[in-house]
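Have a look below at one chain only, the form predicted alone, in structure tokens format.
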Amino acid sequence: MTVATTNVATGDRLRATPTGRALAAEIEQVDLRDVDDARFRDLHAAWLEHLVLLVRGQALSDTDLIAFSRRFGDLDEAPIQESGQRFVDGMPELYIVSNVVENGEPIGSLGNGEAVWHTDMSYVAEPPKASILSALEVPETGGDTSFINMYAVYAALPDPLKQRIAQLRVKHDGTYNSGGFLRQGVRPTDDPRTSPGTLHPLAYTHPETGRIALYLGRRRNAYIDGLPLDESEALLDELWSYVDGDRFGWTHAWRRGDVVLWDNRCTMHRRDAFDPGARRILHRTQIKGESRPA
């Protein structure tokens, strides 16, 4: 069902069509290069409601993407890629997700393999609150991105489990990225107690909606602070058993010109592998997050 939000000041209507799944909506008839303040307020409200927004048919330059992203707040600089480079001169906010190799060097990050469930940059003290991906080139098949509603995952936990994790923090590992690549400048380790990372509450209260989401980040090298390792592993396995993409998720098959915006505070996402001979190039920005309670 298409939901139309009327802006009182202009009489204009924002058309948001929910996917029918646990999250996400498609925004229709919007050019992200030309969004006035009233329309942006409607977009922001739709984003908080649906967690993920899809806008098709866009023709954003990198400058356009950065300008639109800044409407949501200050931007993070892109993380250093596996090769040790930031790839876009003069645009430190821009991160390239690609498998393309030119002159023997990758132009981006994450290759063509599967990217496991994760939340972007949750290994830092103030993770980005939002990410925006703009599709420049996509393969005919594969490389789909799935998103999961972590409000819904938290709500599905039994009450005794919610009570158990209420005051617990989990270390979000900074050793490996979601594609399994070692982060630049990090010494490899598979001991979650000593690996680099940042502690965040397992039960996270969203600062704008007031709703509680389960905040897991990624499974590899995660560790629940203060527990013996075997207890931490068992509890994490139990929590991850509720991460059910079929029940709580939505999968997006990319087209060129798609722009997808998601809330990192209450979602996770993953990517399917695709043909290494196919080209896939997406540009990403990330909006800085807020300070988080200890």
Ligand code: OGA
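Everything numeric in this text was worked out from a predicted model, so none of it was measured. A residue's number is simply how far along the shown sequence it sits, counting from 1.
The same protein also exists as the form predicted in complex with this ligand; that form is not shown, yet it is the one meant from here on.
- For the candidate spot formed by R164, Y223 and L236, no residue has a non-hydrogen atom within 4.5 angstroms of this ligand in the predicted complex.
- The listed set L94, I212, V97, A130 contains one residue whose heavy atoms approach this ligand in the predicted complex to within 4.5 Å, identified as V97.
- Put simply, of Y242, W254, F248, W47 only one has a heavy atom within 4.5 Å of this ligand in the predicted complex, and it is W254.
- Taking the partner from the other structure, this ligand in the predicted complex has a heavy atom within 4.5 Å of a heavy atom of H118.
- At a distance threshold of 4.5 angstroms between non-hydrogen atoms, R265 is out of contact with this ligand in the predicted complex.
- L110 belongs to the set of residues with a heavy atom inside 4.5 Å of this ligand in the predicted complex.
- This ligand in the predicted complex is approached by T145, whose closest heavy atom lies within 4.5 angstroms of it.
- Exactly one of the stretches 69-77, 118-126, 189-197, 202-210 approaches this ligand in the predicted complex with heavy atoms within 4.5 Å, and it is 118-126.
- With contact defined as any non-hydrogen atom lying within 4.5 angstroms of this ligand in the predicted complex, the contacting residues in 255-273 are W262, H269, R271, given in sequence order.
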